[in-house]
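This document starts with two versions of one protein chain, written out as structure tokens and named structure 1 and structure 2.
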Structure 1
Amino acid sequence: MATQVIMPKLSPTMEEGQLSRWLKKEGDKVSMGEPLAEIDTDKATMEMQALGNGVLRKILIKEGESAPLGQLIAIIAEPDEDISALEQGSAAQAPVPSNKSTEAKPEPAAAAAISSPSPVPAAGEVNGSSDSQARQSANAEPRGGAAGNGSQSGTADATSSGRLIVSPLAARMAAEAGVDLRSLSGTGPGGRIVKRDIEAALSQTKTAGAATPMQVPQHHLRAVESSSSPQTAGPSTYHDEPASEIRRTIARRLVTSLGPIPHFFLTTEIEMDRAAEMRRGINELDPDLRISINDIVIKVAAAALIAHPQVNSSFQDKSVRYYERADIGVAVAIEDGLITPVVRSADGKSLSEIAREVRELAERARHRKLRPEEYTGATFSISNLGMFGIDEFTAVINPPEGAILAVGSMSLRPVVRDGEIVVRQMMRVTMSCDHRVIDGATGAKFLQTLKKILENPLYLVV
């Protein structure tokens, strides 16, 4: 029985071997375990041992030649045995391992294509060539300097490289709320946009529609001062400050409000003596309650909204949504902007509950501790600038709400009652209405109800 000598696997990683030396020549007697040849593998030069007894009848590869694993390289057989079939077979033989290794190699052409230099643009270059100069200058700026400028320059850096630095959570919150991250300025390390920046942006959005002139920006004040200074000749001196992100958001949101929403305004004057009397009475009962006039306005507005569901509504493109609860957004001024925490179900809450809740929400709003669900989703808003001495003003609707009530200061004014001039505590309110859901008469009836209850707060308990 002939023994086919194949290129053996001599190491775990070997794929082909080079025959470095035959230790037997054709015609030599060989026995099992006797060294037959030396094979160079990927690891070492090793002796290949015979796995059969007989005579080395035929050597099929020369010294120095290589063969893939499994290829027939010699035949051991009895001296008189016919091995012609085996010899012929070896020519046609395509051992499996060798096929495998051939397949593993890429076609020469393909290999060339892969290795040929095909310049892939660096990540920044995909923006196109137009801003390449700007980018170059940005790149030329030493990084150390940029880092030293704190978060503002961090943002500028981020913007100039076209990359926003944003925390994963902030990115998700922004995506869910539809906030454009590029309009934000991060307050985290290196200008990273973090959760609180999104929260601030969202609160800004809400209150931006609710009240317009909140605080006079500092540089305006300075402009006024400078205009009154002796240097009045020629054009005014000025300085530019980058608009803060919250300011930019307010700007953008106001435009989206006044632009697409057809506003109209209704103003009425309300006699507040009884309401003020009631407030005094309640606070005398328990000084801790600290009910404000604004709390009473919230409560009464909520009652009026339940009575006039057309006002407690929202235009939804193809439908009008009427809310069943009166969730009142209350504009609260905070540093660098405003936010409208929501008093849920104000219609169902007592004055003391409303007072306590508004105080608590405002306090947390000032510390930026509100959760998103606490400043979104109001059905109606109230903005009160009475404490700033504003007699009356108009507010911008906070979409998608249908209306906002702008409350001015309460002051003693002469009014005519029963043909006589008397002095009363008067307060003017102006309601801005979205004409798509509220018509003039609808709005007017709501204000009538509001006025009636505020002037006779006993209605609250009947």
Structure 2
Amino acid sequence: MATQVIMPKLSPTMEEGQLSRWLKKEGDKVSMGEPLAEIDTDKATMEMQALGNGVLRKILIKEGESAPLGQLIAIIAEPDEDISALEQGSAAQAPVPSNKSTEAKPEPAAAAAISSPSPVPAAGEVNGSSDSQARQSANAEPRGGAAGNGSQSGTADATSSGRLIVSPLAARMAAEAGVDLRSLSGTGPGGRIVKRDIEAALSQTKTAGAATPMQVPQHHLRAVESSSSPQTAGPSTYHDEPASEIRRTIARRLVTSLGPIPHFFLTTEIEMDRAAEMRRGINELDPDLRISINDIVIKVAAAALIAHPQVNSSFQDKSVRYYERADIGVAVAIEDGLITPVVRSADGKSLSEIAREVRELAERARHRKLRPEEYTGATFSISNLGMFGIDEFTAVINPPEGAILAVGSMSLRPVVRDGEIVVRQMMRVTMSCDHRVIDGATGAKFLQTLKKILENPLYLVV
């Protein structure tokens, strides 16, 4: 009997999936439990396993296309079994156009192949005569083969086909800056050209700028040439691209946050000299630990949450849920959006354990290798933009959590101490609170405890 392969639910927040790579092709034998395809969810790239035995008779969703949960994407059956009825039933399904030509996937995601522009551009791409030459064909290429699947690496594919393997974001950056992709050697998986390769090329171009002027992109030249023409009057021209899976999920979740959740914001300024001194001393004792200020903030926030359980809570329909552990979500920026891996029981872990775990989770997040349980179920979140030079900002609560802490940069500022002006390393933090579970005084007391421990980190060992 034929087995219908449908788009599975691979993460709690997943509503549709994008077919990154088929691990089997039509006509291949398939065994139950064998990896069949790789699916890009809203958070990670995960394997889909076969739920039946037989032959992969029909693939209904191409690599790079998306499908909602439950949609038929392939058929497994016996070699001589009649599957015409299933094929006819699938004809009404309309897969979502590929997102591969929009924003770059993190490093391990399927690469894009840059080839000559087609006379009829595919969904989400623009042909060579349009406003953006950056978005040429970006059809999914297989990634480096998973163990045991018999596929070749991306380098071999690129060499045999004569095409460049390049992420969509790198392709866009190269076209806008006039960088010749064929002059570059990719440092990504399988020799793929990624964002850092374009940035390195631009850095070299700036260094040699006096001797070799930078090539001006053709679409910039067209804009200059047409600027004096009366035809430029009126609204600007534009093009639309389909949003990536993770970007659409972020949009849906934020709509359910800032509107329905009554936010209010509390800001305080913290003197970080002692915390910075403690960090420096620990790292000098053991450079391999690489403790960061953010690691210290995570540890202190966890301790403050246990001291103030009202903040470590979430609003349910008819109750308030209080969490017994401090599971801290740490916002990590990736090329395609934002994800918050969770440090479980941060209140019971040492600084060294938190530092190692955060680094490992962040690295796997950037490579879309996190499991669902590693990025869901936080009780409180921290978003740190200090490394980007942001002094102060407010963050949006990630439902169903009751609060999120926005951490700004740590910088030298003049302050008054004992009637004298002195210079101290100061850092501003802002907590966004869900007023349904956290009142102003409750949030203020939490920040008082956070400030007290960060300014006197020896409290962590008391």
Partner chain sequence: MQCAHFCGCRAPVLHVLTNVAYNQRPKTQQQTVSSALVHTALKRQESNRRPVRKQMSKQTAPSEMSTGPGEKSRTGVIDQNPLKAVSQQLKTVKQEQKHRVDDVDEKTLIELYRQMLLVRRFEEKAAEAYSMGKIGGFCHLYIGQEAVAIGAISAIRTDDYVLTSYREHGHAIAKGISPDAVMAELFGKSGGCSHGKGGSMHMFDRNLNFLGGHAIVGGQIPLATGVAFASKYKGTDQVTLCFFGEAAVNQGAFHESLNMAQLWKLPCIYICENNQYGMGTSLDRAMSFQNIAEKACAYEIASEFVDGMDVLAVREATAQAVERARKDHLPTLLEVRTYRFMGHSMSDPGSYRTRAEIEKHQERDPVKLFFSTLKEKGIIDDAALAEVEKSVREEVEHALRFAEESPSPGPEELYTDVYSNPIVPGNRAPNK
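Residue numbering: structure 1 sequence, from 1. Worth saying up front: this structure is predicted, and the values here are computed from it rather than measured. Take the two forms, find the largest set of C-alpha atoms that superpose within 1.5 Å, and that set is the rigid core.
Legend: structure 1 corresponds to the form predicted in complex with its partner chain, while structure 2 does not. In the core-superposed comparison between the two structures, the C-alpha atom of G64 has shifted by at least 2 angstroms. When two forms of a protein are overlaid on their rigid core, residues whose CA moves 2 Å or more are considered shifted, and R436 is not one of them between the two structures. For V422, a C-alpha deviation below 2 angstroms is recorded between the two structures after rigid-core alignment.
Core-based superposition between the two structures puts the Cα shift at M32 at 62.8 Å.
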